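Below you'll find only one chain, the form predicted on its own, shown as structure tokens.
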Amino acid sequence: MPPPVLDVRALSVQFETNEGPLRVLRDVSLQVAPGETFGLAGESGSGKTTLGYTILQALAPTARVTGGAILFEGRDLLGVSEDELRRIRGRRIAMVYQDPRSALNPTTRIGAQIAEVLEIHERAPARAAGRRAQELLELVNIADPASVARRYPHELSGGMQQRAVIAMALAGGPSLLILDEPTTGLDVTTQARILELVADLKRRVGAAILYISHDLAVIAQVADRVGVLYAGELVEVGPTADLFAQPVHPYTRGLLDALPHLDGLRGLVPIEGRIPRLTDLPPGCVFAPRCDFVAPACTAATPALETVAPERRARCVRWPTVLATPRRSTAAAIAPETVASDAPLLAFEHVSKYFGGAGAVARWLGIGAPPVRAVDDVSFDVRADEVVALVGESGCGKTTLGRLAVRLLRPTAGRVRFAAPKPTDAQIVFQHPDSSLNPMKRIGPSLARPLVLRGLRRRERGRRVRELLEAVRLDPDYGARRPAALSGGEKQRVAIARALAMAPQFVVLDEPVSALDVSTQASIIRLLAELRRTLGASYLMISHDLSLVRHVAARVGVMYLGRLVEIGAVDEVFRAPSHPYTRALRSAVPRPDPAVPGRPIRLEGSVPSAQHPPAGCRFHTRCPQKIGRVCEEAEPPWARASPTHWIACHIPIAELSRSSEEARP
């Protein structure tokens, strides 16, 4: 067996803070062989990204390595000079970051940015570097690489930007490629293409890959072996198939139980508690305060990472008991069981929303740019005590519809009817709480502001703020903290509490958990379900995560390029018949089981411009089931698959039923 490209031995890293040393990594050991993909999983704050930065020797000034070694191709990176590190970084070791926008220069064309890497590390002439840049764009499956090389980052979609960053990382021909959450925040079809690309690159390039992610479903599809980090310690390592079939450590079992499954029956079981403060670690096993299998021996001493089976190691003294205990087969239901009222609480009636475009005179003269048709002639309703979800790729109009629902935007055409008596009966929870919470205000005053608008007296406001914090399972002392002192999940709980302060009848949830790790995601979703039952409110949930939607919603609408293409009860939309686009979305969802490899339906090309939408069916330019000119020339009619299930497609319902059943894995 060839020696590993990367060999991390007993690595420990700490940050110096005012509260004392923050021990972010402790005694971490792992190896990555040539041509192997090693998946590194764990919740936010477990130390995954810090490990990636430590390998690159790119830590903040307050951080220092307190022990261990990092052997890369046999050399300890902790002992090489800064000049030598500069020659290694970007050439022999490359890293792809979570947000491609932070890695791309917005003022430089894509081709020039890739060529710059070649000019610096390979001393390539400018013309040769430009040609090689286009070859690298072609390597990462970008159509028309010459055109893309001439574009600026803002002219590319999120998935295309991520491909460009991967091409830049491959420019130096690295032996080790570190991918840090490369698909987080991407919609399922874009994610599927990136995962296919990673698997393809492993075959064609042969580099060792360290794949960092909090999403075990993604890791199941790409990794050969998996390591699980918790609070800075590696708690389990093993081959992917073995680890997913029979997790040994209770924390790994908890992460797998938190994953939502596309069947709607398994998953979304949160791990109770939270990661401990790294300045004040508990005695013994660091996971003991949250563990269902805890015993006195667990807190007596820190367990060693011991071999529990061939090629498998775990840091748990009770691993035989864990293996002998059957895993939970199903989860408690989240979606509402009661039948919603027939009376619509909110109704969209032929609603359109356009942005920009030429003025009336310019349109009359036939000059100027056309508007962006973000939402185009959409009609559906949300009934009282109902959860409706909207799914679709980024840019399909979901968020615009959500903002129209709460009157943050006015429709260009059509009408949004809201049956509640007060405008404040409709609230919204945004995707990123960082952008919706004032960083200078403490949590208490932020929650009190809506109560001032409701006319509550000061004493009543203080009591109500405490009640709101308790409702979202935060201690009352959180009211004195600022957003910077909270984790991502805690900030999202505050955002939910603020929306609930107005006692709304209707709440828009705009990707409320897309940036959170799986355990926090499960906790937030169950909290939202519990609060909905308490308030009797209706939710419009916007998401690109179909597995999550299957657990939460009663009805689902599927959007593509500003139009609704399918709507129905959740069980109807997730089985035959289906719109071809819905089938493609379902097929792209990664399964948290390496024994069931993903078979995504490849949608060729990118989503057309909303300024110049295709004539006829808007999906015909990418549809794998296009039947001819009728798709290009005529708007698809709405066909009724059942009394509650409608599909906008030229293909007959019977044919859609057959094709959906044939495609089922």
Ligand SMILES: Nc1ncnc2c1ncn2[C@@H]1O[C@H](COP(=O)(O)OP(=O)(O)OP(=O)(O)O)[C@@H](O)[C@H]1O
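Because the structure is a prediction, the values reported are computed rather than measured. The first residue of the shown sequence is 1; numbering continues from there.
Not pictured, yet referred to below: the form predicted in complex with the ligand.
*asked:* Whether residue 611 contacts the ligand in the predicted complex should be assessed with a 4.5 Å heavy atom distance threshold; does it?
replied: No.
*Closest heavy atom of residue 22 to the ligand in the predicted complex, within 4.5 Å or not?*
Although the ligand is absent here, residue 22 would touch it in the predicted complex, with heavy atoms inside 4.5 Å.
_Against the ligand in the predicted complex, would residue 37 count as a contact residue? Criterion: heavy atoms within 4.5 Å._
Contact with the ligand, no.
*Are any of the heavy atoms in residue 69 no more than 4.5 Å from a heavy atom of the ligand in the predicted complex?*
Although the ligand is absent here, residue 69 would stay clear of it in the predicted complex, with no heavy atoms inside 4.5 Å.
*Exactly one of 606, 50, 57, 29 has a non-hydrogen atom within 4.5 Å of the ligand in the predicted complex; which residue is it?*
Exactly one listed residue reaches within 4.5 Å, namely 50.
_Within 4.5 Å of the ligand in the predicted complex: residues from 260 to 278 (heavy atom criterion)_ = The one in contact is 278.
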